[in-house]
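Take a look at this one chain, the form predicted on its own, written out in structure tokens.
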Amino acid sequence: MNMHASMGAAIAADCPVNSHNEWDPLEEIIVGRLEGSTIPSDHPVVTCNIPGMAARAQSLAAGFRFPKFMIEPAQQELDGFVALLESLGVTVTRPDAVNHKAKFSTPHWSSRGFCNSCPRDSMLVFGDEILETPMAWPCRYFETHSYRPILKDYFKRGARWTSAPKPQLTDELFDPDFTLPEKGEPLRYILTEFEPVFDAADFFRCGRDIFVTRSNVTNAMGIDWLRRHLGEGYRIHEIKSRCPNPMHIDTTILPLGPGRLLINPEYIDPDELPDILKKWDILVAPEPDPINDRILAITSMCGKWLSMNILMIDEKRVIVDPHHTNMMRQMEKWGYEPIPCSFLHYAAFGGAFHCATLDVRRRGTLESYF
């Protein structure tokens, strides 16, 4: 091992934050909470990304607490997920419980909160750095405050802690004439280039190469900000998605390990992938198993491809919802060991296993896989 590699390994051993990709052996993870969850505010940047029935329900109930019939089954699943992670030897940390119904304001607007169910959206990890992202939903403006005790602890123990410029989120950021593109129309986005905004969940990491989809919560200026912040040690590549209302990359495309890429056939054209990804094995996600429960269909904030929102424990083991039998079987065929964990009710709060977590420590070092 050369001097630089040995120094990097020594820093990784001492620092609580050390994660470079989506598949190295998982050692520590942040898992979200549901306490105090509030239905997100009725803002165009929110409603344009929520599926039809859920969007109508959301606009009527914006600012109210999520009802118990939604919270209780999701909480039961979340508790089971945490217990599973701990049984696998993973250290689990949790944000503070927060009253998200409390109203807050800036000089330009006011809002209530949402929830801290999905740490994947609000923070990015690059090696020993944990970065708070400038999210575009006003109701999520102060969401990372619930993680501050964790962030301060990581900082005291050697991690680098960064925050992107806090966005103003004034009307200039949002296109007032935006409508979702019809089938066959070119993609368009509700965001302008007024200021940099991005959600962490629009990115995935493969060592020195970072991949991103532009979306209704991530604009080109946000991607440019992160590219300049990371500097010459990293390369950021944009991936074209055919999703008509794009928000977050982890139901569109996700790496499972070096040289293997899981794609959503509805949203990704393999011929349009960045050239360096075309050399990898392309694994096409199977058709998601239908969810026939009407309540789940109405309350889900996510599309049907949430079956792809899996969590790699290491290069072989992967957590999958057992409802998605097609995905479970396909993972086995591809040589993985799927670990079942029920999680369907969590979709009402923004996602599944990948969304609900932030892997802050994986056993590995910074590498180039291309």
Ligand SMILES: NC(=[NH2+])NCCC[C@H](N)C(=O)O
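Fair warning: this is a prediction, and the values are worked out from it, not measured in the lab. Residue numbers run from 1 along the displayed sequence.
Keep in mind that the form predicted in complex with this ligand is missing from the display, and what follows is about it.
J.: So, V17 and this ligand: in the predicted bound form, are they within 4.5 Å at any heavy atom pair?
T.: Because no heavy atom of V17 falls inside 4.5 Å of this ligand in the predicted bound form, the answer is no.
J.: Might L358 be said to contact this ligand in the predicted bound form, defining contact as any heavy atom within 4.5 Å?
T.: Flag for L358 set to no.
J.: Please tell me whether any heavy atom belonging to D250 falls inside 4.5 Å of a heavy atom of this ligand, as the geometry stands in the predicted bound form.
T.: D250: contacts this ligand in the predicted bound form.
J.: Does any part of I30 reach within 4.5 Å of this ligand in the predicted bound form? Heavy atoms only, please.
T.: No.
J.: Among 149-157, 270-278, 78-86, 120-128, which stretch has residues whose heavy atoms lie within 4.5 Å of this ligand in the predicted bound form?
T.: Result of the contact check: 120-128.
J.: Check each of C302, V45, M308, L26 and return the one that places a heavy atom within 4.5 angstroms of this ligand in the predicted bound form.
T.: Exactly one residue meets the criterion: C302.
J.: Just to make sure I understand: among 193-216, which residues lie within 4.5 Å of this ligand in the predicted bound form, judging by heavy atoms?
T.: Counting only heavy atoms within 4.5 Å of this ligand in the predicted bound form, the single contacting residue of 193-216 is A201.
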